[in-house]
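Next comes just one chain, in structure tokens: the form predicted on its own.
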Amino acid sequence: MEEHEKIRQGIRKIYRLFIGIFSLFAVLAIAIIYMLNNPDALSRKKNIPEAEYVAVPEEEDYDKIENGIHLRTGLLEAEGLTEVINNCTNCHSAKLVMQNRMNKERWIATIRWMQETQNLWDLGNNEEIIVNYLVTNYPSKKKGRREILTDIEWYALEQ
């Protein structure tokens, strides 16, 4: 009889172990289903409102020019402005155009570099119009970043 009792106790232990493992799997399955339905449940972020969208300017303001400046891009109004906007500001900001002041050869070399490495399309007849606009309105400057400081009273730092 003792052997039958030992076998029963062994079966009970296995049965309890089986119930425990099954319960663990059930809890894990419920947790996984919950996380799939609520992915932000464990996120430490608080309820952050969604970003507000900025209204796109109306068509009449889209190409508005005031005081010789194209308001949307900041480029100077001159012959070739439309071509520059249509071909240059598709890929980068107009500010990049304004800060890179170059002569005709360097503008052309920059266009060739963009065509070879940045997938800039063939500008065709627009290239001459664009380069003339850039050379006229954004030429290279002979002056450096600022003039040399003059009439400054320097003082010695004490140690």
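Everything numeric in this text was worked out from a predicted model, so none of it was measured. The first residue of the shown sequence is 1; numbering continues from there.
Separately, the form predicted in complex with a small molecule exists; it is not shown, and the next lines address it.
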TODO: Please state whether every one of the three residues Asn90, Trp107 and Ile130 places a non-hydrogen atom within 4.5 angstroms of the small molecule in the model of the complex.
DONE: yes
Open item on the list: Please tell me which of Asn37, Asn67, Asn119, Asn125 lies within 4.5 Å of the small molecule in the model of the complex, judged by heavy atoms.
Closed with: Asn119
- [ ] Give a yes or no for Asn103: in the model of the complex, does one of its heavy atoms lie within 4.5 Å of a heavy atom belonging to the small molecule?
- [x] no
Open item on the list: Ile32 versus the small molecule, in the model of the complex: is there a non-hydrogen atom within 4.5 Å?
Closed with: no
TODO: Answer with yes or no whether Leu96 is in contact with the small molecule in the model of the complex, where contact means some heavy atom within 4.5 Å.
DONE: yes
TODO: Flag Trp113 as yes or no: does it have a non-hydrogen atom within 4.5 angstroms of any non-hydrogen atom of the small molecule in the model of the complex?
DONE: yes
